[in-house]
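Listed next as structure tokens is one chain, alone, in the form predicted alone.
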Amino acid sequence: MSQIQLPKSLEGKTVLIAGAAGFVPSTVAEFYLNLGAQVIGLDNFITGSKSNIELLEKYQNFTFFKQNIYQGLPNFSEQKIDYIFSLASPASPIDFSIIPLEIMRVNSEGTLALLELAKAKNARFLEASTSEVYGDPEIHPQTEDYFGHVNPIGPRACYDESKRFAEALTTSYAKKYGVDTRIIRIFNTYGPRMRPDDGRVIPNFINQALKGEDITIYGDGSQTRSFCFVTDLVDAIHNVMFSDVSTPFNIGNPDEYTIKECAEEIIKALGSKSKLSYHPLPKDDPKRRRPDMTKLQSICDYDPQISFQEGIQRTADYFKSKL
């Protein structure tokens, strides 16, 4: 594999971002707006934030369509599109029991619509998959050639299985139609623009610490996660999009923390008086998660820059600004 040649500017190029109101997609959108690209955003606000779109609309080279992508796409017949980012799926565990069918449809019918557009426009297509395709992994750290240990009828199945399907669909379009595709598997990510009620570990712990409430830990806190700050994740996404490799890449931060260590770091960083409160571990909750980053780092100099402590402080400052 060759080293990636990243463009210094994307002026004259058009980038389509599905799910643009989400915290990761809106950060991706702003990154490409700052590289000079014309950016088109799509979102139906089922979990995305209108405030994220309002921020992007300050850029003259941003256009937004309110759209549910599994019900169809805007008419782009006269529009040149060079790059498509499939980033539209809700990803928080609290959504899995509330909107499971919407999650499954956006990752199947929605992905299909975007792939059809990529085929029609001869655009490069990136599917944002997830570390959830590994399920509760039996190997550690997780490498891209691991097929996973997933419960197809469990409480996380709507997300796990629809993302596995999206990867298969993306790969099939590459093989059958020659669509220029990329696949990323995103590990735990956090940062500004997250929903405060997101239900994931970092926003839960920060909100509880800011309020001085007990921090809720499920299980004994020994399960691990690897937390990547959002700007580092965008750097990884950019490297993959401009690589020449169509097979999946893990992206994230390989630093591993137990959930208990994470809670203690947040209490310390925020000077909180919160205590730890332990509760039963949910069904199918992964015991260990850490990406093996060897594949991506073999073709680029990707190296996460934001420490966990700095990232927590930045995220907490953002949540404070929303109180």
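If you're wondering where the values come from, they're calculated on a predicted model, not measured in any experiment. Start at 1 and count along the sequence shown; that's the residue number.
Omitted from view is the form predicted in complex with a small molecule, to which the following refers.
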Item to check | Interface stretch in the model of the complex with the small molecule - options 194-202, 77-85, 235-243, 248-256, non-hydrogen atom within 4.5 Å | outcome: 194-202
Checklist entry - Within a 4.5 Å heavy atom cut-off, is Y177 in contact with the small molecule in the model of the complex? => result no
Checklist entry - Contact between E127 and the small molecule in the model of the complex at 4.5 Å, heavy atoms? => result no
Checklist entry - in the model of the complex, does G36 have a heavy atom within 4.5 Å of the small molecule? => result no
Checklist entry - Hey, in the model of the complex, does L55 get a heavy atom within 4.5 angstroms of the small molecule? => result no
Checklist entry - Of N188, S108, N207, T171, which residue is found within 4.5 angstroms of the small molecule in the model of the complex when only non-hydrogen atoms are counted? => result N188
Checklist entry - Of T216, Q71, T143, N151, which one comes within 4.5 Å of the small molecule in the model of the complex, counting heavy atoms only? => result T216
